[in-house]
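Okay, so here's just one chain, in structure tokens, the form predicted alone.
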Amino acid sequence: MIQGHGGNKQQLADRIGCRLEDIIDMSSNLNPLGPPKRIHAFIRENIHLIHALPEPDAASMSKGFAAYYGIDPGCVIAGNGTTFFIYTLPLALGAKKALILGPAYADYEDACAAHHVKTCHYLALAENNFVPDLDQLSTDAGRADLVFICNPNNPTGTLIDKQELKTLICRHPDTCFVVDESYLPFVPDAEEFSLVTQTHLPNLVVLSSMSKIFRIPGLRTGFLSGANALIRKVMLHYQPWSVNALAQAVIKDIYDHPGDILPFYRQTREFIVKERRNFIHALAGTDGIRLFDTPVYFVPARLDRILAAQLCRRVGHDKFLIRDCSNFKGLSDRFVRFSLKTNEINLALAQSIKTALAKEYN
């Protein structure tokens, strides 16, 4: 269901009568710092690569990822974004019933529906700051053969401890767990939370996105890592040349310079911590909105007196596109999400939100 994603810049530009490039998109979850500087130059210098077929299995990408994390290359697959794997896994693993930890990204359910896999949800509650009851989650997981967990979660930002996840996974050896770590690189000390190296666990696969942290969503690149037996099952459904030549080259170049990766992560994380704090402080005490503090760069919020669509429309007049979260299962038409950018833009959005909400309290 393509409609299950974020805002539409063109639609907003048409509605308020401005240029597309004037819209400030704070609905899409991408690195606010942009890609590393070397990426644009690399693309310009290697555009000729599109004239030849890429590696059919993107093996060079996989080897770079495996080397960086110190895992066997046979435990990694490179793909056309993590969405490629989300839609492949229910079929490849022969799932009959899937459990989704929510509120969550719509594609987990849509992928299961595409393969006629029944789904159920464990929905964490706003009253508990969206922290799941892991005992109840474990009970529900025991009734499914496939479980999707986004960690940290989109759209709530909730982060589950690594050991707690491992305990859950080991408790249900007959259930396969898909842990989506697309947003984990943005979290301080992310390496302490990641399960990407746990390829010895026979019922775990981990999804790693290059799109968000390196801000290259148009290149469509991501990885799946897991036990070799699971990798073989997924490879039976892998299409040759799934990753285009330019995307493969860009990711290979990133992993050819491993010393540049962690400094870029640290720079991003420090920036996010500061800007998230400033944004939350700017809206502190504002009537009609509750912000949920998260370890990532997007901030979910619950509205009191107006609907999400109303707030989106009001701040849209100031050319801000924010995420209406009403189509996330487990959230209502009172929830929105803000994906942060620069300090100037974040504070301008905060002022726009204050002005929009003040109309309800005057």
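For every residue, the number given is its place in the sequence shown, counted from 1. These figures come from a predicted structure and were not determined experimentally.
This protein has a second form, the form predicted in complex with a small molecule, left out of what is shown; the following refers to that one.
Evaluate T83 for contact with the small molecule in the model of the complex, applying a 4.5 angstroms cut-off between non-hydrogen atoms, and reply yes or no. So T83 counts as contacting the small molecule.
Taking any heavy atom pair closer than or equal to 4.5 Å as contact, tell me whether R220 reaches the small molecule in the model of the complex. Taking the distances in the model of the complex, the answer for R220 is yes, it comes within 4.5 Å of the small molecule.
Taking 4.5 angstroms as the cut-off for heavy atoms, does S209 touch the small molecule in the model of the complex? Residue-level check for S209: yes, a contact with the small molecule.
Please run the contact check for C150 against the small molecule in the model of the complex: heavy atoms, 4.5 angstroms, yes or no? C150: contacts the small molecule in the model of the complex.
Counting any non-hydrogen atom inside 4.5 Å, which residue from F177, F279, Y122, Y105 sits next to the small molecule in the model of the complex? Of F177, F279, Y122, Y105, the residue with a heavy atom within 4.5 Å of the small molecule in the model of the complex is Y105.
Check each of T158, Q248, S182, T88 and return the one that places a heavy atom within 4.5 angstroms of the small molecule in the model of the complex. So the residue touching the small molecule in the model of the complex, by this definition, is S182.
Of 236 to 244, 193 to 201, 75 to 83, 112 to 120, which is the one stretch near the small molecule in the model of the complex, taking non-hydrogen atoms within 4.5 angstroms as near? That would be 75 to 83.
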